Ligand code: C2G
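Here's a solo chain for you in structure tokens, the form predicted on its own.
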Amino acid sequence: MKKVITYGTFDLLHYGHINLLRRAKELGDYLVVVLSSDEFNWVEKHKKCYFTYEQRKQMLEAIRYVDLVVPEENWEQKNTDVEKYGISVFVMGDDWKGKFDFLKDKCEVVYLPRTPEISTTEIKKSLSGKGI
């Protein structure tokens, strides 16, 4: 079985997220999504999520492309996750291009193009009245 892994916050889930998950799943048989915990988002990424970890996890688990959702607690766990879950392909959006090449000795690393016309940041700006 070819296992694929991807990481993200997946707050305000939208069709760009679905596109990423679909394309990631097409690269293998089993998709592991490592979802940033609320604490990791706040302390390390300086992001406040609209939905809690449990709510975001529940939404991801309802998506047919996703086989397993696990928490992301720190930046360093990518190395151990690849080994722990027997990963063949590590997938991220191309806004992270080159950042995870250090994993290439353990698995294939793929950077997928983002869906250009949508982003959570832009949705949040628009909803707060600071956008379009």
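In this text, all values refer to a predicted model and were calculated from it rather than measured experimentally. Residue numbers here begin at 1 and follow the sequence given.
The form predicted in complex with the named molecule is left out here; the points below concern that form.
Proximity to the named molecule in the predicted bound form holds for all of Leu20, Ser36 and Trp75, with the criterion being a heavy atom within 4.5 Å. Heavy atoms within 4.5 Å of the named molecule in the predicted bound form are found in one stretch of 67-75, 101-109, 80-88, 24-32, which is 67-75.
At least one heavy atom of Trp96 is located within 4.5 Å of the named molecule in the predicted bound form.
Shown alone here, Met59 lies farther than 4.5 Å from the named molecule in the predicted bound form, counting heavy atoms only. For Met92, a non-hydrogen atom is located within 4.5 Å of the named molecule in the predicted bound form, even though that partner is not displayed.
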